[in-house]
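Before any questions on binding or motion, here is one chain by itself as structure tokens, the form predicted alone.
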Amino acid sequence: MTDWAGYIGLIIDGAFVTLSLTLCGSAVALVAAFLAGLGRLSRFTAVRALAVTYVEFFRGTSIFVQLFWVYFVLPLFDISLSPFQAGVLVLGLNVGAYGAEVVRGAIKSVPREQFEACIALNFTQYQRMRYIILPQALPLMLPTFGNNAIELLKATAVVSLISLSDMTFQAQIVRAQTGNTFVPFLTILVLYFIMSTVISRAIGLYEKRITRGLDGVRS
């Protein structure tokens, strides 16, 4: 029993690594999503082309290949990243590519009259986005952002392939040492479910908070 307590402790340690990957990866994904999403709406052709290239590349290639390329190939060009840094970068950029389409779609769904009103009031581009467009578009983004964060959480399991000690890696270690598959993988199954539930609830609460009092405003 004492041995199993130690094994479960290993998986719990891995859970903190998974949680750190999720939080840091989500931060990278959020920044990438807004930069690429706004870039796709830019009036500059070069900026649009760069944003489209990023989105299509990361959506069109395997996250496994992306992770291996960043961790094993970049060092050949004197760019070395730790397993954690490589995991955060790949997870963030991969999920951010999907988030970019969410940002673009939400902004384009804001009624054209809102943009015309901003122009009539002589707002700068920054003022339009900061005070008028994004406050209306953000509630539309949040549900999908929540789904993307959960997908990122589940995708953290790929970092076990580069020997980063996340939950999946630790569960594999426990299975190898005990010969038992049921207990370690049931444990991480429950932990993944708990974490995804917390993310979903947190996004739901934030969505209610920012949409409070806005019912009927856009109509």
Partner chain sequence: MEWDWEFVRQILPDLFSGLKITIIATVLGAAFAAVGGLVFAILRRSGNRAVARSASFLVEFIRGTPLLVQLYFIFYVLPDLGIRLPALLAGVIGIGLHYSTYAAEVYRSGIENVSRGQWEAAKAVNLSVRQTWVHIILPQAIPPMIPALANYLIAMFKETPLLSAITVLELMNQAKSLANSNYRYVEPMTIVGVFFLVISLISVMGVRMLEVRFAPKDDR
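Numbering follows the first chain given and starts at 1. Note that the structure is a prediction, hence the values are computed from the model and not measured.
One more form of this protein should be noted, the form predicted together with its partner chain, which is absent from this view; the next part is about it.
Any chance all of I119, F123 and Y126 sit within 4.5 Å of its partner chain in the predicted bound form, going by non-hydrogen atoms?
No, the whole trio is out of contact, none within 4.5 Å by any heavy atom.
So, T178 and its partner chain: in the predicted bound form, are they within 4.5 Å at any heavy atom pair?
Because no heavy atom of T178 falls inside 4.5 Å of its partner chain in the predicted bound form, the answer is no.
Is Q172 near its partner chain? Define near as a heavy atom within 4.5 Å, in the predicted bound form.
It does: once its partner chain is placed as it appears in the predicted bound form, Q172 has a heavy atom within 4.5 Å of it.
In the predicted bound form, does Y131 come within 4.5 Å of its partner chain, counting heavy atoms only?
Result no; Y131 lies far from its partner chain in the predicted bound form.
Heavy atom to heavy atom, is R48 within 4.5 Å of its partner chain in the predicted bound form?
No, R48 is distant from the partner.
Of A27, L186, L41, L35, which residue is found within 4.5 angstroms of its partner chain in the predicted bound form when only non-hydrogen atoms are counted?
Spelling it out, the residue with a heavy atom inside the cut-off is L186.
Going by its partner chain in the predicted bound form, which residues of 53-80 come within 4.5 Å of it through any heavy atom?
Heavy-atom contacts to its partner chain in the predicted bound form: E56, F57, R59, G60, T61, S62, F64, V65, F68, W69, F72, V73, L76.
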